[in-house]
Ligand SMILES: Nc1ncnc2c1ncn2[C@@H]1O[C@H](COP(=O)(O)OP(=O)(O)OP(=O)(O)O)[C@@H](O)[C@H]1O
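Consider the single chain below, provided in structure tokens and representing the form predicted on its own.
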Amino acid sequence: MSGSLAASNLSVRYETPGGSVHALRHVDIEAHPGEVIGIVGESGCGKSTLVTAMANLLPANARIDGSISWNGIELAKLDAHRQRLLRGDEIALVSQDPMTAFNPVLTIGDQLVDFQHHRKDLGRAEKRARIAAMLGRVGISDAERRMHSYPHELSGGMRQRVAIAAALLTDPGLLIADEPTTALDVTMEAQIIHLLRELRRDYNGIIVIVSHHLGVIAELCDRVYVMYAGEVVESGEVDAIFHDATHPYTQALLACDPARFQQKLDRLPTIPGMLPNLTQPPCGCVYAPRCDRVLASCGTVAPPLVELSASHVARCHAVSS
């Protein structure tokens, strides 16, 4: 099943005892069938809040302004029953910790049968046959034996593969992978990247990949959204972002990528300064306190969205001047 995803002027705040945390502000994103979308940024920049909103899994203390829709359906306006049906049939999420995705006291096979609860047209034997085929597709050998395993009996890389298989068994139009390689060692990470590359060729739905690993994004994605402090500060096709980045934050983020350094470093590069307090977001540019190209207007005036090409935009005073 395929469809289109769109967020328009999307803002999310969390009501806490310490005040409202403005986790997302005025975010615009779109994705179409066959596309792989990357979302990058530092920890705490709003990536996970954005994809949680896409999956309609925001906690009870979240408040949404603006719009986020799937196939023209406003996700925030759905009742609980319709939300569950949508997540089971059309939207699937692969979390960054596959251990928490499974019940530790049930076998993998039993759980993957349950994941197909919406397929009323299939019997249990047919569902198990689909599971075996899907486990083979994601690179797990001896699938029949693995179906009798418990989650703790699988390695981290195998659990992540099973989590991807579980998501694909629902035939989703939107597959969200939230930091899919974070908890893995280098060898397992390479295997998961290879798997996602294979899926990218075969899968006609939308894939959204959230990662702080720029190499993963560069290798797999068509378009990239760069987030900072709850805002999208730059977006464009992957080549434009990695070879012609314009926003000072995007440039600084790329400059810190360890893959760019051939020589051994005593200390990895970092961006000086800290993220702003999102209980009181600055009225001007959110990146101004850390920016090396800051202008007088940056501290008080929200930056304009500058169109650099038909598909490349950046939110920055320095770019527009």
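Numbering starts at 1 and follows the sequence shown. Since the structure is predicted, the reported quantities are computational estimates derived from the model, not experimental observations.
Below: the form predicted together with this ligand, not depicted.
- Contact annotation for residue 44: at least one heavy atom lies within 4.5 Å of this ligand in the model of the complex.
- Contact check for residue 212: a heavy atom falls within 4.5 Å of this ligand in the model of the complex.
- For the chain shown alone, residue 67 is not a contact residue for this ligand in the model of the complex, no non-hydrogen atom being within 4.5 angstroms.
- Taking the partner from the other structure, this ligand in the model of the complex has no heavy atom within 4.5 Å of any heavy atom of residue 313.
- When you look in the model of the complex, the only residue of 246, 107, 191, 96 with a non-hydrogen atom within 4.5 Å of this ligand is 96.
- Site annotation in the model of the complex: the residue of 219, 179, 237, 90 reaching within 4.5 Å of this ligand with a heavy atom is 179.
- Residues placing heavy atoms within 4.5 Å of this ligand in the model of the complex fall in a single listed stretch, namely 44 to 52, out of 291 to 299, 27 to 35, 249 to 257, 44 to 52.
- Contacts of stretch 8 to 34 with this ligand in the model of the complex, defined by any heavy atom lying within 4.5 Å, are made by 14, 16, 21, 23, listed in sequence order.
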